[in-house]
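The chain that follows stands alone, in the form predicted on its own, written as structure tokens.
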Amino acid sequence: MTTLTQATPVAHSRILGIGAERGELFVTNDDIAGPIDSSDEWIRQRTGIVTRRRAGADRDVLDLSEAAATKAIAASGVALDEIDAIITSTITHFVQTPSAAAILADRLGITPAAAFDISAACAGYCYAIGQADALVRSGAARNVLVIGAEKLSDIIDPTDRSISFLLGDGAGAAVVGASTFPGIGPTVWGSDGSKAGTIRQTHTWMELREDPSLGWPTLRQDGPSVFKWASFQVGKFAQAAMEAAGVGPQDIDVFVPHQANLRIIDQMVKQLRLPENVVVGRDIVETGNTSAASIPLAIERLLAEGQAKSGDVCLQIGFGAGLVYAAQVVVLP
């Protein structure tokens, strides 16, 4: 039998650099309260959001991704020709093919890196970090560029009270490479497709083709069901990620959950019994819910503002439409 040569694995990986790009427009609660017959007070009480960032009509998800990726690559110190793969998580790249990742590889000058997109909604960044970790440690790639990016303002119905007033635009990126120490713990991930209808498009693209009067598809959610699942079920996945990494609440310096709702974030902090000195990402207050971009955006803010620092141990967890979830403990770059 012929013996095949395989890639040489490495022991550990870590995040080498993070970059972020938010939409340039500041959209306040007063700006959007009218069409949903609401108020600044109601939105703050229900979600914690004061303002959200959205991008103008002349910028798309590729533009946001390119800006965030450029910053992440610069922060990592990795040369372009040393990036072997790019993974982009997004639900707002509006062509089936080619992938956003392939276009971005060309824009960024990292061709011929392997390039592919994933669709895991608000868990997409953590899904991609898990894949990047596996690619690096298996020897399949030296360095992997991960991007979580959304322009959710493209799929908003301004009159919808279920989800649209939550949403913002932005992109976060990270470079994952080999490490002399374990910098990314095991990924705990999964899905529950039986609840797929709780966060959904109003109708499919095929239905729109058959009946143009339906109009552009937008997002909807069953708010109470999603809130209950996220508040009381997702915490156990974060706990499992700590256990898989061999750490406990006392070892966590930073906690960054998906920025879905401030009430959900505060509920998870209580469930996990995190010490009071743990820094918690609450970027949702000023940026809104940016789906796949929310975790790297929140981490970048904490690092930039000095609330978190290089070497801190961070528990991160994404969760959302699918329903899907993914969590891991990482060392911040």
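The numbering used is simple: start at 1 and walk along the sequence shown. Just so we're clear, the structure is a prediction, and the values are computed from it rather than from any experiment.
One more form of this protein should be noted, the form predicted together with a small molecule, which is absent from this view; the next part is about it.
Peer 1: Spell it out for me: taking the small molecule in the predicted complex, does every residue among Pro224, Arg263 and Asn289 have a heavy atom no farther than 4.5 Å from it?
Peer 2: Result yes, every residue of the spot touches the small molecule.
Peer 1: Only one of 302-310, 45-53, 22-30, 63-71 gets a heavy atom within 4.5 Å of the small molecule in the predicted complex; which is it?
Peer 2: Comparing against the small molecule in the predicted complex, the contact stretch is 45-53.
Peer 1: Taking the small molecule as it sits in the predicted complex, is Phe319 near enough to touch it, meaning that at least one heavy atom pair lies within 4.5 angstroms?
Peer 2: Yes.
Peer 1: Is Ser38 close enough to touch the small molecule in the predicted complex, meaning at least one heavy atom pair within 4.5 Å?
Peer 2: Answer yes; at least one heavy atom of Ser38 falls within 4.5 Å of the small molecule in the predicted complex.
Peer 1: His258 near the small molecule in the predicted complex, any heavy atom under 4.5 Å?
Peer 2: Within the cut-off, so yes.
Peer 1: Hey, in the predicted complex, is Tyr127 touching the small molecule, heavy atoms inside 4.5 Å?
Peer 2: Contact with the small molecule, no.
Peer 1: May I ask you to choose, among His203, Arg107, Arg142, Arg161, the residue with a heavy atom within 4.5 Å of the small molecule in the predicted complex?
Peer 2: Spelling it out, the residue with a heavy atom inside the cut-off is Arg161.
Peer 1: Counting non-hydrogen atoms within 4.5 angstroms of the small molecule in the predicted complex, say which of Ile199, Ala115, Ile118, Ala75 makes the cut.
Peer 2: By the 4.5 Å criterion, the partner-contacting residue is Ile199.
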